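For reference, the chain that follows is the form predicted on its own, supplied as structure tokens.
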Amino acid sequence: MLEQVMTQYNEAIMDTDRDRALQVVHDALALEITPEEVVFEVVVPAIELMMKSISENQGVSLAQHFMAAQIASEVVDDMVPRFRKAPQIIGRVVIGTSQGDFHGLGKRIVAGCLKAMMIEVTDLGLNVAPERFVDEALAHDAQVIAISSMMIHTARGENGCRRVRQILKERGVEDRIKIAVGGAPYRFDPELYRSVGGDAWAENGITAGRVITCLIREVRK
């Protein structure tokens, strides 16, 4: 039964059919499949399958990737309150695009994937000032600041990751908060994250989940 639900959900995701995907989920609950199984046996594997298809160039589009992340986020928000036991949150992240950058699609994909992986996400939106990244991370007790930059000048700019790093140093909280970066400039230059002061970079949503999980564990150890 669970295998059939997984197949139906994956088909809906690949067709970017949000309504059908959500119907599959609700039908699964009616069949007494648990909310925990929906999240961890259906939604998360669907995202991983999507990323595998993209990495292997199997013709998966950005629209399909985006829809998978958005539906995952919606399903997780619906399922978590139904869990028999409150799930253990891996950690907390604040995410946004760097100042001057108004390209939010990549950020929204990553946020959806992170939520499905039990990482609490505070989305700061677009064009986020470096001071706000740090203020919000401290206010939410976040272990990671995730900064998306889709243009080279916002990735390298003085009001991007570099300034966030400087503020963390000034406030003496570098040991409490790590910085993860992502976006097109980092795919073109995988070492760019080092020169702008990032602790790590991620190529896509699933990679971001794994990278950020590692950073959270570094902070908490």
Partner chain sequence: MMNGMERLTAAINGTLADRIPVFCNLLDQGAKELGLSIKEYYASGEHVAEAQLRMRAKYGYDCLWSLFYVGKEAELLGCRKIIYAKDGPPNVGEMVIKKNDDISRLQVPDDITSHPAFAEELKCLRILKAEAGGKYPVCAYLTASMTMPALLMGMEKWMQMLMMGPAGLRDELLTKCSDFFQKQVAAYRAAGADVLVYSNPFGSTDFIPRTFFDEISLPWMESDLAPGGTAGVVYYCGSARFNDVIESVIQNLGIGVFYLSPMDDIAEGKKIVAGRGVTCGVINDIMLLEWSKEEIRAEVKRMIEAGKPGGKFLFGTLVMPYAIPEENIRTMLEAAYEYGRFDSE
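Since we're looking at a predicted model, the values are computed, not measured. Numbering follows the first chain given and starts at 1.
Not on display, but discussed next: the form predicted in complex with the partner chain.
Peer 1: May I ask you to state whether Gly100 is within 4.5 Å of the partner chain in the predicted bound form, using heavy atom distances?
Peer 2: So Gly100 counts as contacting the partner chain.
Peer 1: Does His140 reach the partner chain in the predicted bound form, with heavy atoms at most 4.5 Å apart?
Peer 2: No, His140 is distant from the partner.
Peer 1: Looking in the predicted bound form, any heavy atom of Glu48 within 4.5 Å of the partner chain?
Peer 2: Output for Glu48 is no: heavy atoms all beyond 4.5 Å of the partner chain.
Peer 1: Classify Ala30 as contacting or not contacting the partner chain in the predicted bound form by the rule of any non-hydrogen atom within 4.5 angstroms, answering yes or no.
Peer 2: No - in the predicted bound form, heavy atoms of Ala30 and the partner chain never come within 4.5 Å of each other.
Peer 1: Among the candidate residues Gln166, Gln64, Thr34, Ser53, which is the single one with a non-hydrogen atom no more than 4.5 Å from the partner chain in the predicted bound form?
Peer 2: Comparing distances to the partner chain in the predicted bound form, the residue within 4.5 Å is Gln64.
Peer 1: Since exactly one of Leu105, Ala129, Ile90, Val80 fits, which has a heavy atom within 4.5 Å of the partner chain in the predicted bound form?
Peer 2: None of the others qualify; the residue that does is Leu105.
Peer 1: Need the contact residues for 169 to 202: heavy atom within 4.5 Å of the partner chain in the predicted bound form, sequence order, or none if there are none.
Peer 2: Residues within 4.5 Å: Pro185, Arg187, Phe188, Asp189.
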